[in-house]
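Next up: a single chain in structure tokens, the form predicted alone.
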Amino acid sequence: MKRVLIVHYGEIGLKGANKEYFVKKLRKSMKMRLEKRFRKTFSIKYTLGRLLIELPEKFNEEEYVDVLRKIFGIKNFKFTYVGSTKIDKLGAQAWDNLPKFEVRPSNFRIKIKRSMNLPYKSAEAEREIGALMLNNGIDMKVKLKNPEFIVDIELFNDIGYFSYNTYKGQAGMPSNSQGKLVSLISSGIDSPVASFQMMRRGARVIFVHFHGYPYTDKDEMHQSKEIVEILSKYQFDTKMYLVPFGEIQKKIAVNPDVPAKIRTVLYRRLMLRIAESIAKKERAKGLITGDNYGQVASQTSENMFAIHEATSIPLFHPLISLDKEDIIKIAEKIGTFDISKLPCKDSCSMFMPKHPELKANIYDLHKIEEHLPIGDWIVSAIEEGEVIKF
């Protein structure tokens, strides 16, 4: 039988007059991803709040799932058979194409959604097809709430589409449907997840990684590149800046006029300033950090206030109130956790004081920074940096 992939979106449907723009972005994203993976042309039709893709006679379902699960904006999708709208015929088709179960479910239900005028109601059709399944010997009990197996039917455009499995998508907003943001990314757990969360909202994310080489080895850089490569699968035209920061940290650490306990705050303020300069260069509209309220010394309310004061553009902190275990679950889901948990010495741990300041005073910081060549450091850091494209 003919097969069609049906894709449903979620939040896009709430966009009112702007819905057409987001649907167009989603279609483009799907088309580009599928054509890149399978090296063939795909036609994606939009009808009645659904996106339809005709499938070839022979296709690998797992390969399609791997592509579609990385496309933001998709709420769910299913590989359907194209059938009749006549109940008796549709029921027979659904029976004839039942999947082979490795472990037979103990219960099932028929679920029908209509988008057309028919001489029967959905509940009547569900009962009739369910009775046909039972009479044919399906050997399962009917269970309407949380069944183990669902025969899922959609009726629209004078066609009955039926399937047996619905895959969840990433939901969110289509890739690159919002403005650019610059993410300060490390090889740790939090910042990759923060980047992913903003990408899921449609942001085009440009990555900036501050490394300590040659005061650290290159493990941190390599791990950060691997993480960005994973994240690049969720958007288009990914760019990463590798910014040398070790020399700046050393100059601050050996400066006798800089109290040791506020080094961390000064490092963070400089990172934000450099990232802001990159954002202006890239015409990005804000910065993303992996800040998590109260998690480490630099993330107390006082220190966050002191650090964020260094920049004049919006800062986005999608993880600000999340529990660490919740962050780890997302990292595991998107595939960055196994890299992030590997040991390596990062720039954030270099030249750190034994007892960092927990309540930095913004006025004291201003006085200290007046005597530091901050502007020169920002220029040299960007000039000496490297840009990688994925």
Ligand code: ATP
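These numbers were taken from a predicted model, which means no experiment stands behind them. Residue numbers here begin at 1 and follow the sequence given.
There is another form of the same protein, the form predicted in complex with the named molecule; it is not shown, and what comes next is about it.
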Subject >> Candidate stretches 151-159, 278-286, 92-100, 188-196, one within 4.5 Å of the named molecule in the predicted complex by heavy atom >> reply: 188-196
Original post:
Which residue, Ile110, Met271, Met173, Ile262, has a heavy atom that falls within 4.5 Å of the named molecule in the predicted complex?
Top reply: Met271
**OP:** Quick one: from Thr311, Asn76, Gln178, Gln295, grab the residue that has a heavy atom within 4.5 Å of the named molecule in the predicted complex.
**Re:** Gln295
Subject >> 4.5 Å heavy atom contact, Val208 and the named molecule in the predicted complex >> reply: yes
Original post:
Is Gln299 a contact residue for the named molecule in the predicted complex, using a 4.5 Å heavy atom cut-off?
Top reply: yes
**OP:** Answer with yes or no whether Lys45 is in contact with the named molecule in the predicted complex, where contact means some heavy atom within 4.5 Å.
**Re:** no
Original post:
Taking the shortest heavy atom distance, is Leu184 within 4.5 Å of the named molecule in the predicted complex?
Top reply: yes
